[in-house]
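Take a look at this single chain in structure tokens; it is the form predicted alone.
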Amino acid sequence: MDVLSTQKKALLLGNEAVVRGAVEAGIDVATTYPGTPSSEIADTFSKIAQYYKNKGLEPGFYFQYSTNEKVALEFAAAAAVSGLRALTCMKHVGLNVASDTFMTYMYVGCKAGHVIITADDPSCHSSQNEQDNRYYAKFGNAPLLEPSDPLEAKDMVMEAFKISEELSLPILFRMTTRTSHIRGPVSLGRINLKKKKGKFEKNPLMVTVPEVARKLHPILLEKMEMAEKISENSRFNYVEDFGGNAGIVSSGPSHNYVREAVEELGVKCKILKLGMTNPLPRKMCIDFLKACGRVLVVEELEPFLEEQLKAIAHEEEIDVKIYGKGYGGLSRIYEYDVDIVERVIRKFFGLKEKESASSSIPIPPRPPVLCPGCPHRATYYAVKQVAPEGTIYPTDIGCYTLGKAPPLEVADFLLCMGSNVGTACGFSYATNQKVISFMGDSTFFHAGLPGIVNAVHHNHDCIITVLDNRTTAMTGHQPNPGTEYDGMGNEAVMLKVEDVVRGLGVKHVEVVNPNNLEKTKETFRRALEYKGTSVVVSKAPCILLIPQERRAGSFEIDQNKCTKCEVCIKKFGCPAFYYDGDKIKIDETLCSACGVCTQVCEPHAIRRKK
């Protein structure tokens, strides 16, 4: 494993570099709920643990895929206040789930270092929004570090543990899709893994009743004043001087684009590179602004740095013009790239605009689709056959969201993890329409349970479908409480969705294999007739978990029997079907041989290929 290399350098992903930094820093506990773009951080911890276990060695740390981000943060917080170094990683919206814990945890603080990694997703490559989590650092009074590349990510993680322990305060560590997924050379040090046990020492200031919270809040603000002094002297905040009196301020991946454009164009400027961005190094910023006649701020998403720099300039009465969002196409939305940043820097320095290299050749859209053989497609097809017109389909976060696309179109409303159930309850009250909601098994354990309790308690008339494909599929097949093994590779207690919902008081519960379409349709017919809350567990493993040898072979269409009804394409929608002139055929390189399509073909024209 490159991340455990004993060489002087290794080529690592940004996410792998984070793990290497934690391993060299002597990590004791790592927790997560998987979410792209942070997934490889947790998966790498899991692989390391299992690598050592398979060799009969003690991993030297504990790793857990927790049921959700809030639990992950709470588990690690308990370890950190007991004197064990901890790391918790999640995607940006995961911090929304953990925010209740996060906000008060900053009051309580930690004993050993605790690094909380949030991976933001500009451009929503795999997310429902592109919120800028740097504001959580301001909101919660958390020191914030932002690396620009894998080497800096590794070094910053190590530094983050030191800062956390110096301040007795968790550190927020912001990755983005680009810093998580770029690969770069990383200088390596000594691996420092040794299993330890902590000791919790009781302290009445750790029970945040109002009287205690009032005492802790000013202490937190004092810690942030200390953090500003650390920021002033941080080696991750520095000025690069290329001459002239124009200034550019940047952080995170934007700094890479700025450096590349400045070198390419040969412009004279000073660059203030900020790696510790909360609190800002105020004195350093004042000196920089005073040294520059005008300043360009390049940062992705919100004007987090720009607004603070403008406030500093105003308060200090510094005569400097600061440019940021809205200038030259610097947007508050979407991910930047070197072309965007170079165009802005050309304008800033009065250089001729670069000719566009865009092509006039139209590029066909390639939307993501459910895999051939995905059991979710079979469930959706069966539901559409029996649900009355006007049925509302609240959905959730996972592969099954892809059911939104034609021809299935079984996703009408989505807010966040677990929202399918709460909104199903709301729709059942607000309308006279039938409601059938969908979520995966991992989402069920993550945030689905409170909504089901709410549905049962208030007897809301809705069908809650749990698409149980035996894994957390979309983020890379991580285990969840419904699987037999945990993230360390240990045997775990496997919870059955149907048992849990019966325990919650759901009276109408059915389990069905969606690959049997007739039985699935009968199951949903009975659920539709039931008045009250019902749960259908549609259980079949993700097609990618089935061994390749069991997916061997293909199906074909007997052209003499095919009536060109197009149900296989226009209603079932498996991507293995395609038009060849006026014929419909099956691409055997895509076909997973699941055979469900034979059940949708009334003329029985689909047969196994010999």
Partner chain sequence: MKERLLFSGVGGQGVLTGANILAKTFLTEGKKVLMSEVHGMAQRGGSVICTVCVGDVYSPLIADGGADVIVSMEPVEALRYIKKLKRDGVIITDINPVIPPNVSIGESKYPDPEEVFKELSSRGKLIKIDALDIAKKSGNAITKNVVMLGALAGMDLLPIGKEKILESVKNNIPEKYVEMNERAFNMGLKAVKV
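Positions refer to the first chain, counted from 1. Superpose the two forms; the largest set of C-alphas matching within 1.5 Å is the rigid core. No experiment lies behind these values; they were computed from the predicted model shown.
What comes next is about the form predicted in complex with its partner chain, which is not displayed.
The three residues Gln385, Ser419 and Asn490 each lack any heavy atom within 4.5 Å of its partner chain in the predicted bound form.
Proximity of Asp28 to its partner chain in the predicted bound form: non-hydrogen atoms within 4.5 Å are absent; the residue sits far from the partner.
Taking the partner from the other structure, its partner chain in the predicted bound form has no heavy atom within 4.5 Å of any heavy atom of Phe63.
Looking at Tyr578, you'd find a heavy atom of it within 4.5 angstroms of its partner chain in the predicted bound form. With a 4.5 Å cutoff on heavy atoms, Phe524 does not count as touching its partner chain in the predicted bound form; it lies far away. The partner is not drawn, yet in the predicted bound form one stretch among 168-176, 93-101, 208-216, 398-406 has residues with heavy atoms inside 4.5 Å of its partner chain: 398-406. Checked against its partner chain in the predicted bound form, the residues Ile333, Val338, Val511, Val239 give one hit for a heavy atom within 4.5 Å, which is Val338. Of the residues Met158, Met226, Ile163, Ile182, just one reaches its partner chain in the predicted bound form with a heavy atom at 4.5 Å or closer; this is Ile182. Taking its partner chain as it sits in the predicted bound form, the stretch 347-363 comes within 4.5 angstroms of it through a non-hydrogen atom at Lys354, Ser356, Ala357, Ser358, Ser359, Ser360, Ile361, Pro362, Ile363. In this overlay on the rigid core, Ser358 has a C-alpha that sits 2 Å or more away from its partner position between the shown form and the other one.
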